[in-house]
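First comes one chain, alone, set out as structure tokens in the form predicted alone.
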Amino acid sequence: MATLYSTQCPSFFAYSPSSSSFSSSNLALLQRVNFSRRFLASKASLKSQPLSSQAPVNTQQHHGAVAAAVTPIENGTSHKQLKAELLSVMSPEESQGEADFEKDENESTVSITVVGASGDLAKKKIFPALFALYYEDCLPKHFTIYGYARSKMTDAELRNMVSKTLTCRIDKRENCSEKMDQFLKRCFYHSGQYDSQENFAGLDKKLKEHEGGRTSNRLFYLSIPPNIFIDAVKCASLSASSGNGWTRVIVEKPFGRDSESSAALTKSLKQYLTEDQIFRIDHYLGKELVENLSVLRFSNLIFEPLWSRQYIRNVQLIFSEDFGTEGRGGYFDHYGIIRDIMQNHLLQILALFAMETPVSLDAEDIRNEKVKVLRSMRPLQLQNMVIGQYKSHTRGGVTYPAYVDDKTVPDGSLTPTFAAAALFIDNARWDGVPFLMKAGKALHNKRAEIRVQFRHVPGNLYNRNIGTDLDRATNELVIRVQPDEAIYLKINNKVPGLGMKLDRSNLNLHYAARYSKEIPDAYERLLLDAIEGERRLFIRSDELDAAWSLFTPVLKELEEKRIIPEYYPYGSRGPVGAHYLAAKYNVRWGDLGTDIDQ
């Protein structure tokens, strides 16, 4: 699992035991050594009061030292001998931490409450992600999962509902059904109103019964509409907070509709929680290729020197879905594609891509750099944006509906289902480089990718062979976030033969071919980080303020002027206006080339 999780569970070292003679007790010891290091950083948090500030936990920095110091384990190494060897390379503080952790893991528990447990997000994403973490032994020894919603339901009914969405997708080991049964036994249900302190007090009573007097750490996942966030947070904070451990709340987007509503939401949340207790989740930040973005850049010498206006001509962030709203039009119409995708998912990826080198991998250092990027950007203007809305289209004898044909969408709605925009960062590294965003529904394919188009080779000796072919004149780095994750670099090379014919080729890292392990779902990574107090992939309030300040002016202008979107056929490549926008900056969208299916 070292290639899968930033916090690496359950295998915390570069090697893995290949013989049955490597005992389970030895593996458990290795895990405890790693956790003891994590425990040193988080011990204060475990003992804090629920509304106190908690320091972020960063486990990555410790692995290298241990892996370098511990020699490979021979088959047949005894548990006692292994423990002595491991303790010999640990500092006195870490040795004490190991002892403290052994004690603490029996004294503390984590209670995870999914608020809105009967909703689609909980059923399709949250519960399956929690099971995957349990299956991989990433959850603490003592944990309980509670579903909370208004629906009347028994524990057995919740387990039956959850069991239908759990899969053994990870590696289909024989003991999956057994692990599934064990997991479901840890799942319980409490029915209540989201604005009832009395109902949350009832939940608190049940949680205490399961916690059994241990140090109680509580995580609340708000899988509910934003208009009831504050009621739920208030009731959970006042009636169901931990009395002797940490309390954390995961909040799903949308985080408001503009700067004012976002600021009001943050202000209301902070009446009951500190900033360190609020985990604003953007699941795109948990995707493997987004997580790999900083590794690709900062851990490979060939890329960082090129990562600037001197060598990069433009950057494209592309998101497309091949389906429409499909019954979710009521929700979507209130926000539109700009708020739903561009202001959060794509802008967060842009900030990670463009930020300066952080001081460390600490959450605050990374988020500080992201905020600097966002504050250096020009607010988006209407002349640098194109909006569209899909219309009905018949193809192959099948008629696909228009956006306004969705019965949940108001008649005559002008809400954009497509948007393209050109953004600029006014700093020394990126001055003048257009960052082009494109996001839409009901397009020709489903894809999310980052495309980095480099400048043309000055005085290229092979211009005669290239001619006006823009594709072959431009090197391009493509990071495909989904589906079928891949990183590839488009280069020119000579075709074998007596003549001088150039060919376009890809240097390709295809994840499915390179790695046998299935890539974990983004929710798995983010839930694990929230449990461990790692905030690196969550959005801080000043990040949110800076993001909204870029989009709020143009959003208000679109709504006040009632700008009519350009209509495009369902299943097409989107409005023609998007191509004119790119051409304005001498750019061609990279997803129109012949390589898009490779």
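All residue numbers refer to positions in the sequence shown, first residue = 1. Here the structure is a predicted model, which means the values were calculated and not measured.
Another form, the form predicted in complex with a small molecule, is not on view; read the next lines as being about it.
Since the chain is shown here on its own, which stretch among 365-373, 491-499, 320-328, 507-515 would lie within 4.5 Å of the small molecule in the predicted bound form, judged by heavy atoms?
Among the candidates, contact is made by 320-328.
By the heavy atom within 4.5 Å rule, which residue out of Trp307, Tyr134, Phe353, Tyr284 makes contact with the small molecule in the predicted bound form?
Filtering the options by heavy-atom distance leaves Tyr284.
Proximity to the small molecule in the predicted bound form, single hit among Ile341, Val114, Ala420, Leu380 (heavy atom within 4.5 Å):
Selected option: Ile341.
Within 4.5 Å, heavy atoms only: does Lys446 come near the small molecule in the predicted bound form?
Answer yes; at least one heavy atom of Lys446 falls within 4.5 Å of the small molecule in the predicted bound form.
Does any part of Lys253 reach within 4.5 Å of the small molecule in the predicted bound form? Heavy atoms only, please.
Judged by the heavy-atom cut-off of 4.5 Å, Lys253 is in contact with the small molecule in the predicted bound form.
Counting only non-hydrogen atoms and a 4.5 angstroms cut-off, does Gln482 reach the small molecule in the predicted bound form?
Flag for Gln482 set to yes.
Contact test in the predicted bound form: Lys441 vs the small molecule, heavy atoms, 4.5 Å
Yes, Lys441 sits close enough to the small molecule in the predicted bound form that at least one of its heavy atoms falls within 4.5 Å.
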